[in-house]
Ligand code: FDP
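Encoded as structure tokens, the following chain is the form predicted alone, with no partner shown.
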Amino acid sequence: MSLAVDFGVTLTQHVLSRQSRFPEARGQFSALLTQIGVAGKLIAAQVRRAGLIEIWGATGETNVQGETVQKLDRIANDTFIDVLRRSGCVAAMASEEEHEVIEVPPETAGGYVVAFDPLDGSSNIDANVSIGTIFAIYQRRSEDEVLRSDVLRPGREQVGAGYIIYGPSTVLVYTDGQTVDLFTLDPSCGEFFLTRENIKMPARSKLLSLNESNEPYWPAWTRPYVDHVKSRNDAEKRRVSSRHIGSLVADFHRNLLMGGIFLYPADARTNVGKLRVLYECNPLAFIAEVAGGAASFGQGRILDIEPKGLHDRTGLFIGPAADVAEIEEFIRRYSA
């Protein structure tokens, strides 16, 4: 009789079992996802210890976005870069925290390019709110040298995407374009175990996620749309609730599991969105579509945007496909 305890499927076992989907990768895709898991464990350990070893707060620097760099931002960024640089799977990386593409030496370069936000929601760090890492994976285009075109490409060309949330538990969600699967870190053994597989986004939203304090800067269609959603509540039943954390990755994760629509319109004063195409919008849009949802910038799919720069921004509407289509209809109606 076996005395072994069945803890479930680990992240490594899961990605290896699906390796046949990418025969051209020769195992590199599986190895890359495993190494991203390693980076997530290292960052999670620092997040847990942040208050004890006094790495809360700002560094005094500003990043390429003009935002205050938190100490954990820098730790997460350096950790992700160091792990992936040594993985043997990556030819180049692009980080929200860096001005330019990060190239890997040719002798250790692999077949993939990774774009990532090392610590999304970092403005919430000091309040102990859930934060996370978001990543997008592309196959390398050029064989001899790394070009900007290896990174500046539409999200529909992703072969994988995911995120890691550092909250009450550490979870890793990834898609290989076929299914969306969730893993939870067991701190007792330091391993990610599969806890939800083939996640599907609910057909309609029960949650409305947006920062209503931005209403003075909303485009004309936004208030009528928000009022329309709230009108689903009546004397018989409350059918929709407002939930906004302020960490995009945490808002998206909750909406993915529970059914919610996230809105961040472009600022009506400048007609420019806030969220980054490469590091936030593309990977989350890829996950949403695989899970049966949708993501739009208002006039089309997020995944069809052709980025011109490493730090391009856009508005974002992401959630159940029917709700995203409804937003696009409101935009057309109020733009006519």
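Residue positions are given as counts along the sequence shown, with the first one as 1. The structure displayed is predicted, hence computed values, not measured ones.
Form predicted together with the named molecule: not shown, discussed below.
J.: Applying a 4.5 Å heavy atom distance criterion, does G121 contact the named molecule in the predicted complex?
T.: Yes, G121 is a contact residue.
J.: Does Q139 reach the named molecule in the predicted complex if we count a contact as any heavy atom within 4.5 Å?
T.: It does not: once the named molecule is placed as it appears in the predicted complex, Q139 has no heavy atom within 4.5 Å of it.
J.: Considering non-hydrogen atoms and a 4.5 Å limit, does the named molecule approach L275 in the predicted complex?
T.: So L275 counts as contacting the named molecule.
J.: With the partner left out of view, is S149 within 4.5 angstroms of the named molecule in the predicted complex by any non-hydrogen atom?
T.: No, S149 sits far enough from the named molecule in the predicted complex that none of its heavy atoms falls within 4.5 Å.
J.: Name the stretch, out of 222-230, 192-200, 105-113, 243-251, where some heavy atom lies within 4.5 Å of the named molecule in the predicted complex.
T.: Checking each option against the 4.5 Å cut-off leaves 243-251.
J.: From the list N211, N128, S169, T179, which entry has a heavy atom within 4.5 Å of the named molecule in the predicted complex?
T.: It is N211 that has a heavy atom within 4.5 Å of the partner.
J.: Would you mind picking the one in Y163, F262, F183, F80 that has a heavy atom within 4.5 Å of the named molecule in the predicted complex?
T.: Of Y163, F262, F183, F80, the residue with a heavy atom within 4.5 Å of the named molecule in the predicted complex is F262.
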